[in-house]
Structures are given as structure tokens and as C-alpha cells.
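The chain below stands alone and is given as C-alpha cells, in the form predicted alone.
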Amino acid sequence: MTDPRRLPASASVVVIGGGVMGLSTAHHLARAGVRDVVLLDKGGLGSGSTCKAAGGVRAQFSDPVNIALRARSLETFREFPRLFGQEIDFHEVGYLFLLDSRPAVTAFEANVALQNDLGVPSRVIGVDEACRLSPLVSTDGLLAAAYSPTDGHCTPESVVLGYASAARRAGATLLPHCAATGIDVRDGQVVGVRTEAGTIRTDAVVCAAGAWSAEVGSWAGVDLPVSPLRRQVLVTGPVPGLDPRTPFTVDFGTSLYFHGEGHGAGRGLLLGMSDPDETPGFALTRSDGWLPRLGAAIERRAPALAEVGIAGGWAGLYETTPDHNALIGRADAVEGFLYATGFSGHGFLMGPAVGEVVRDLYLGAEPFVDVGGLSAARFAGVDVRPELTIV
């Protein structure tokens, strides 16, 4: 817990949430000259969902706003060591979506056409090329695949460290292990954030609290329809002969995914899969209930992995919304309440760009992409467009 004597009495902006989204936002605000930016997290920086992510970064999505945000973030990940002086182990090995149904092929053909229009070099490829790219894949039932060579994966913990260091250098105050406990609103205006160490006077707060955002929004009377959902990740032992160029491979029909993890002779795979029986909640214990389904998917799509031992794993939380799209914007009824949350398992790869967007929303500038359609108010109407590439 933060010593009350160290708690700033006031701040221009208080960011709630110390994952990649909050840290990127704090960095961009401070770098833009906003004074007295304070970030709070009830745990260590990145200890929520960010450092439990699989680390994938891609621009292959079905919505133009999502594509633009991800493509912008990819630019930052590629340049991260130069921009922030922090290596993030970025592997530009591409993303490969394996498709085993005609509707999926049709949908991804349309996605690729849109992505190409927006400058993403994705393409639909045949089964033979997909297997050359990802040799562990079995062709059973495959019809085609979608591939973009500029996607890849990196290390979330290193990204957190890079943004935290940069935010501090720019003048932001980061307070891990200092939980926010409430937001004070007077006459429709944010006037303070309560913490376990005392109250910070402020007229602006950014909710970047991930799976915990619904509660944070409720403190200010703002409805943020975000539900936590457990997702589990496993890491294998060494995989003999594993090609280090193996792309982040996703079996779209089952949601099984894997990518290389580690280096040299000890290189294995990080893998996971969604569990349709999972119910919303904050459980972070590992569950074996999904393992038979995972085993069946592996036997069908990557049978060689059935003989590889499991070295470890963990569980993290997706921050899901009803349409699997993010919530980014300003609250209509509460002045000074901004939010960037609900990324439905894909927040890590959007963090760099969304930090820029929230900065601009705070400053009253026009963001590089129109995020009006991601307002939480959309759920009061009928203009809801589900993201189609969520796995």
C-alpha cells in the first residue's frame, strides 16, 4: 500500500489501471505536456491481464477501426527498442489463420480485401503454402488460410517495462499497489479519485481497468458493459526441430493457437484455446475441464504436439463486451470520465495506438482514427457490429 504521505494531493488526470493500456495512456499524456498525470494500480504494473497475454500482435481484423488501431500499434512494436530503449523480443513471423469451412473462407476473403485497402499485406493462401509456413499443421479438413507476414508476437512484460520507464521519464507518477476505491462526482463533473491511501483531487479520470472496468465505471455512474472471462495458456517443453520462423498459428474453427516460445534448443510453444463452457467471473485458478477439448483439437490439427510435454501455464482474464469490440471514449453524462477498456482479449496488441487516441480525446484533438463507433453508448441503440476474428 502506498504511504499516504507520497500520494499526490491533486492531478490533472488520474489513470486507473497499470496494464499496457493505462501505461501507454499515461506516457502519451505526459509526453504531450499534461502535467501531474497519476496512474494507479491495485497490484504490480501489468499484473492484471497484460502480463498474462499470449503476446500476439496483428492487424488481421474484420472492422476498419480495429484494423487501423492494430496497424498503428504494430508500427510501434516494430520500433519499440528505438523509441523506448527497451527490447521486447518482437518476432515478425506473421499470423496464420487456418480455415476449414466455406463460410469462414468467404468471410476471411472479405476481411483480407478490406485489410489490403487499408495497407495491411495479408492474403488468402492455399493449404500447401499454409503447411509450409507452419509445418506442425495437419491438413485434415483444411480449405484455405489467411496470412499476413507483418504480424507476430512479443513479450508483454517487456512492453510494460518500456512504457513505465518512458512515462516516468516524461513526468508521470506511477503508483502500483495503490488501489483506487471510488470516484467523486459533483454536479456531473469528476472532482476526485479515492484510493486506499487517500483522495486525489482531479477533474479527469481514465478507466483502463480491464476486466475490473464495470466496477470502476459504476463508481461514477457510468455503465461499462465489461465482463471478465478466464482464458488459459500452456507452455510446452522443447519441440525438436521447431522452425523459429513458425507463424502465430490459429485454427479458426476450434480457436486452438500456438506460437514459438523460448530460444535455441529449449524452444517450445505457447498454446491455448477458448473454452465455450467458461462462465464470466474472476477465477484465475487453472482448470482441467477444457483439456479433453484441447487435446482433441491438437490431435486433429497439430498431432505431433500430442507427444510434447507441458512445462507450465497460467490463467488470465479477457475483458469481454457484448459485441467483442472495445469501449473507447468519453462518458456522455459525467464530464471528465474517459475510458479505454473491453478489448475482449486483444487489448495488449492495441495498447500503443489507444494510448494516442485517449490522449487526443483528453486534449480535445482529433484522433488519427474515428473511434466514435466504440462509445459505450452504442449498446443503447442498434448500431452494434461484432468483430468476426475473435478467437
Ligand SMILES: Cc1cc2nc3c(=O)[nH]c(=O)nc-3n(C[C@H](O)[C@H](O)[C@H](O)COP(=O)(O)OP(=O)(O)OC[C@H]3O[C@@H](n4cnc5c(N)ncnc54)[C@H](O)[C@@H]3O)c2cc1C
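Computed from a prediction, not measured in an experiment: that's the story for all the values here. The first residue of the sequence shown is number 1, and the count goes up from there.
We do not show the form predicted in complex with the ligand, though everything after this point is about it.
A.B. asks: Thinking of 240, 246 and 269 as the candidate spot, does the ligand come within 4.5 Å of a heavy atom on all of them in the model of the complex?
C.D. replies: No: none of 240, 246 and 269 comes within 4.5 Å of the ligand in the model of the complex.
A.B. asks: Within 4.5 Å, heavy atoms only, which of 208, 205, 226, 98 is in contact with the ligand in the model of the complex?
C.D. replies: Checked against the cut-off, the match is 208.
A.B. asks: Of these, 88, 112, 233, 308, which has a heavy atom no more than 4.5 Å from the ligand in the model of the complex?
C.D. replies: Only one option qualifies, and that one is 233.
A.B. asks: Which of 331-339, 318-326, 26-34, 360-368 has heavy atoms within 4.5 Å of the ligand in the model of the complex?
C.D. replies: That would be 318-326.
A.B. asks: Would you please decide whether residue 219 lies within 4.5 angstroms of the ligand in the model of the complex, comparing each non-hydrogen atom pair?
C.D. replies: It does: once the ligand is placed as it appears in the model of the complex, residue 219 has a heavy atom within 4.5 Å of it.
A.B. asks: In the model of the complex, does residue 257 have a heavy atom within 4.5 Å of the ligand?
C.D. replies: Contact check for residue 257: yes, within 4.5 Å of the ligand in the model of the complex.
A.B. asks: Mark residue 65 yes when one of its heavy atoms lies within 4.5 Å of a heavy atom of the ligand in the model of the complex, and no otherwise.
C.D. replies: Contact check for residue 65: no, nothing within 4.5 Å of the ligand in the model of the complex.
A.B. asks: Evaluate residue 55 for contact with the ligand in the model of the complex, applying a 4.5 angstroms cut-off between non-hydrogen atoms, and reply yes or no.
C.D. replies: Yes - in the model of the complex, heavy atoms of residue 55 and the ligand come within 4.5 Å of each other.
A.B. asks: Can you tell me which bits of 170-188 touch the ligand in the model of the complex, meaning any heavy atom within 4.5 Å?
C.D. replies: Heavy-atom contacts to the ligand in the model of the complex: 178, 179, 180.
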